[in-house]
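Just one chain is shown here, as structure tokens, and it is the form predicted on its own.
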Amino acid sequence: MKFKLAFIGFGTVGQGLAKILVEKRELLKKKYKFEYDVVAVSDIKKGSVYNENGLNLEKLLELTKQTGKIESYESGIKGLSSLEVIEKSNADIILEVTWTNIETGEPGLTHMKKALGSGKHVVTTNKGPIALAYHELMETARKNNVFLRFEGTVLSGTPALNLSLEDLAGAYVKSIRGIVNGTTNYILTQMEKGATYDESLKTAQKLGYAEADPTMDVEAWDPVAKITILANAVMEGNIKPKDVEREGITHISLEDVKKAKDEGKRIKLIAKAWRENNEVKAKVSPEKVPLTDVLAHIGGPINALTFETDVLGDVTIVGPGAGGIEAGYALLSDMLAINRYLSEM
């Protein structure tokens, strides 16, 4: 079948996916029997355009690059809000790639509820709604016989969720432990090389690893959202971000890093989920990790997750945890999964 796609959000991640779709259109059709038309794009800053017969994705990317706007596109209905696009378009997959808000989940949470409730599949990289309302959203998807896929909410394009939910199917995951924030891992790696926290943060910002306001990363809110998603989706927990014990890295000094090194260890910001008295619990905090642990050797902006299982022991996946193309790939992998499942039905 040919899917009709609607982008809700067309920032770095949305454009990352768009570039992949343009580049791989023939490969996707030939190898995976995945065909698509992009029928709508709606972005709060760039504008909105909808054409039920499809839009030229290359032209939209070029317009975005040249003007930062898409409403000068030559045809289609302009000015629809994101909710109007979800409700009125003929899209069957909604790509929800708006900004992350882990306090309320909005506007993504409303977008997802509206899309799933109206019988449209949702593919997202937006951590907020999944961390805050995973069970509710999955139930809405089940009731409406549609898919909700969110691979890109944890390690961007590195397949952490697909690995744990599909490739490790039949294995019992006892615990999850890992480095799920590239910004803080880069900062701690630089500090081990002798740079101060402030120097390391400035370098991270210069390289694009850290935002101008790095609070989400350095105060550990980003990894809290990610471990919440893993705890609920993989370990069948029922926790919210507020339930996760949280400690960031802003208090870590060069002296702390040197002391850990003298002990044959490295300080890493570790996110973990485990079972305790039939409940799933989670925590994010800096830990002194011994050099015998694979996580001690994950440096720079790279992420890693170790799944402790009953049949395979520890299984670790390592890869990039951020980036427009990487997150765009996560969206593509989820759409290919939907295509595969529907083809088998």
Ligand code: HSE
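Please read all numbers here as calculations on a predicted model, not as lab measurements. Counting begins at 1, following the sequence as shown.
Although not depicted, the form predicted in complex with the ligand is the subject of the following passage.
Only one of P159, G248, G182, P107 lies close to the ligand in the model of the complex, with a heavy atom inside 4.5 Å, and it is G182. Out of the listed residues Y197, F147, Y209, W221, Y209 is the one that sits within 4.5 Å of the ligand in the model of the complex by at least one heavy atom. Proximity to the ligand in the model of the complex, taken as heavy atoms within 4.5 Å, picks out 182-190 from the listed stretches 249-257, 182-190, 72-80, 236-244. Residue contact with the ligand in the model of the complex: M335 places no heavy atom within 4.5 Å of it.
The ligand is not shown here, but in the model of the complex it comes within 4.5 Å of a heavy atom of G321. In the model of the complex, the ligand sits beyond 4.5 Å of every heavy atom of E151.
Using a 4.5 Å cutoff between non-hydrogen atoms, E96 does not count as a contact of the ligand in the model of the complex. At a distance of at most 4.5 angstroms from the ligand in the model of the complex, all three residues K127, D217 and K226 contribute at least one non-hydrogen atom.
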